[in-house]
Every structure is written in C-alpha cells, then in structure tokens.
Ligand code: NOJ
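The data below hold one chain only, encoded as structure tokens and taken in the form predicted alone.
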C-alpha cells in the first residue's frame, strides 16, 4: 500500500538550477529553495520533487550522475541539503530527490573501473559485449573508448552507460540473467544509495526512466518489475513511510506489478494527456482540449485514462502534472483563462497532483540554445520570475552569469505581480488548492465518477464523493444534464446556474459544488 501521507500531498517540482540563487553566482541552490519554502507552502503545496542534485559533469543536467552519495557543489553542501530537509519538515512538508537508477555518468568511478582490461568487481556492473567486434542490434552502444575488449550499452545519451540489471530474454552469452551476482549487486548498490539519502532526511524519490532497467524485457516489463519489487522491498522494510513515483507512464506495471506508490501520466505525443494541453505542431495548429475553439472532447483523455486509473486506484496513485522539465510550458499556447480551466481539472482529479515551478504564474516557454543536454526542453527550464527587479529576483549576479536568461518580454509574469492581482492565475491556483485541502473527498482517490461526458458536448461533469465538478472549456454557453439543486458552490471560474434538472455553464467556466 502507498504511504499514507500521499493522500493529502500536492507536489511542487523544482529545477534547482533555476529556482532561487541565494549566493549570487547565477545558479540556483539548496539555500535558495530553503528561502522560498514559505512561498511554496502558502501556495498550497506540501511536498517538493527536486530534479537531480548529485555530483555530475552535467552533460544531461544532472541526469548523468558521477557520484550518487555526493551533492553537486553548484547547489551547496550536504549540510545545506540537510537543512533544507529539516526546514521543510518543520513546515509539515516532504521532499523527493530525483533518483537515476538506469545509468550513470561515464565519469562515475564504477564505470571507470568497469572499462579496465583486468577483471574486477565492477566489470559486470555495466553491460558489455564479449569483444569489440560484437555489436548489439536495436540498442545504443559505444565502441573504441576503453581498453577493455568490448563495446558498452548506453541508456540515453552517449555519456550515460547503462547499469547492468540483466536481460530477461537472453540471445547472447554476454547478456547476463537478472539473477546474475553482478546484477544483484547493482540492485543492492541502488538500494544503498536510497538509504543514504533517506538517512539524511529525504522522504522518497522520483525515479527517472524507471522502466529501463532490464533489457530485452517483455511487453509488461516483468523483469524490470521483479527488480523493482526487490529493491523497493529492501528499502521499505526499513523506511515504511518512504514513497516513490515512477517515470513510467504505465501504472498497471509500475504500481500494480513493480510496487511503486505513484506513476505519472506523461506527456507523450498524441496520448490522452498530451491532447489536453499540448496538441499542437509546427504549423501553428492547436487542437488541445482546453483551447476554447478546440473540437476535442474530454473522452479523448478519458478513454485512455480511466482503464488505467480503475486498474490501480486501490493500490496507488496515477498522477497528473501541469508540466515538467521535459515538457513545453503549458502557457506556450494556452492563455490565462484556458490555464485556469486546465489546472482546475488537473488539481481536482484523483491521484497526487504535481505543479511545475512557474506554471502557477503562467511562465512562458523561451526559445533558447540547448543547455546541458536540454535541447528543445531548455526553454522550459529558465529562472523563476519572482519580481521586476534585476534578473526577476532570481539572482543578484550579472545577467551574463545566469544559468539561463530570464524572460525579457514586457509582459513576463512574476510572483509579486500575480499575488497583487485578485483574479490572477496564481491566486486562482492558491484558492483551488485551499479548497482541495479543506474537502475530505479530495483525500479519497478511488471515488471518481464521470457524470456527463458525451461526444456531442464539450462540457463535462464528474463527481468525487460529495463534490461535483463541472467544466465548460468551449467559447460558448452550454447546458449539462446535471441537477444542481441543494448544492453549495465552493469554487468557480466563470459561472454556472441551475435550470430545472439541468445546469447552464458560462463559456470557459469551471465550478466545484458540494452536495
């Protein structure tokens, strides 16, 4: 069963390089995050997921770990991180670190030893063929860089050699079974890394590429699931309140078979989540559901979401996100009213919600050159915009020294400006999270009931316990066959009114009513 505290959790994702720079060197740090904990808590978030903060050469923004047990100096010291944990806990907040179990940096000591000609305890900790002429098919590999006679498998970029958890379906002698001693040693090493940070005060982990461990796995990833059940079982035995969310996008495997507490519904082109807010291409076409002139219906999302939700709702949480460090900012093509409706929906659905830093103020996507392997993702990783001072309050450094430039447009949104405007996106998110926090039905995650979702209507309604949610994302007034008599309105964007046994929803409106 999932950790009990997750029932009330609302996460805030922080890209540490870009959130708050406390020491003025142009890059965000642990002390900057600590400084802004009250802002996060007052917004309504009581948990944080922080992107990788371990020692790294940063060829992939920290997802290339050089030392799992050492913090990156750019963010501060281990003591600074420990203080962040302590200050968060003092405010009733939890913090996740970002665990990268499928690969390391090519500069990691384990990999350096693995590449030596002489056999040693790390030789089989990564995936190598038996000789330099043997080239695996259908999988990335690197040849000619080490003294060892063989080529090694990569997990993502060239700089990320894959750790060896074995092969489920072996087709060559160099492919180890998942119960090979070296593969078991890799599992034990990852469990040891988790214990290291849990001992310091971490509350759990977001797990990067969680489905990538076992190679030549089957369709349901049964080999990878077996590995995770073992690792999670080892760690939860000693840390029962620890929680994990997987980057998997398959809750039936991640939660139902592997033992994760949560899994993300990720933004993959053309899937149900993508169609809500990011259904656009390079031609300027945007048919995202929350665009007021879209032709899409909520069933485009529900048809994919509901079967997965139903399959795992008694075991864990299938989570929706406003965005993350890998997605285009939601404000790229949605205006403020459209964002209000989209967030109203995401933050009232079951599962543990995740808000990407800056999404609450409508930070925009910036077209920028790649930074640390970001490529097109770089534009969603720019510094948080706190106010209208130098560098939007992110850093006191010279603008040329910033990790990434801040938004220089005249209408760049800031926290201060949004907090001062009563109808702002930030104030709307804060009010929405207040309602979520105060209503017990939102702490129950197996109570979703779709009331009205027909192809001929853009409007829809759903129920969670004694709460009724109504949404009309279209640019015209619509009627829904939902009776509002005897209900109390708790939250609204726009208006809705009862009309006999039906209700009429204003164009671009959302309401939460209590029965």
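Positions refer to the first chain, counted from 1. All values derive from a computational prediction rather than experimental measurement.
From this point on, the text means the form predicted in complex with the ligand, which you will not see here.
Engineer: Pick from 325, 436, 74, 236: which residue has any heavy atom within 4.5 angstroms of the ligand in the model of the complex?
Structural biologist: If I apply the 4.5 Å criterion carefully, the residue I get is 325.
Engineer: Sort through 247, 226, 279, 107 and report the residue having a heavy atom within 4.5 Å of the ligand in the model of the complex.
Structural biologist: The residue from 247, 226, 279, 107 that makes the contact is 247.
Engineer: Pick from 248-256, 155-163, 84-92, 124-132: which stretch has a heavy atom within 4.5 Å of the ligand in the model of the complex?
Structural biologist: The contacting stretch is 155-163.
Engineer: Using the partner position in the model of the complex, report whether residue 338 sits within 4.5 Å of the ligand, counting heavy atoms only.
Structural biologist: Residue 338 lies outside the contact set for the ligand.
Engineer: Look up in the model of the complex whether residue 392 has a non-hydrogen atom within 4.5 angstroms of the ligand, and give yes or no.
Structural biologist: Output for residue 392 is no: heavy atoms all beyond 4.5 Å of the ligand.
Engineer: Does any heavy atom of residue 267 come within 4.5 Å of a heavy atom of the ligand in the model of the complex?
Structural biologist: Contact with the ligand, no.
Engineer: Using a 4.5 Å heavy atom cut-off, state whether residue 208 contacts the ligand in the model of the complex.
Structural biologist: Output for residue 208 is yes: heavy atoms within 4.5 Å of the ligand.
Engineer: Quick check: do 60, 63 and 103 each get a heavy atom within 4.5 Å of the ligand in the model of the complex?
Structural biologist: Every residue of the spot touches the ligand in the model of the complex.
Engineer: Suppose contact means any heavy atom within 4.5 Å; which members of 377-401 contact the ligand in the model of the complex?
Structural biologist: Counting only heavy atoms within 4.5 Å of the ligand in the model of the complex, the contacting residues of 377-401 are 377, 381.
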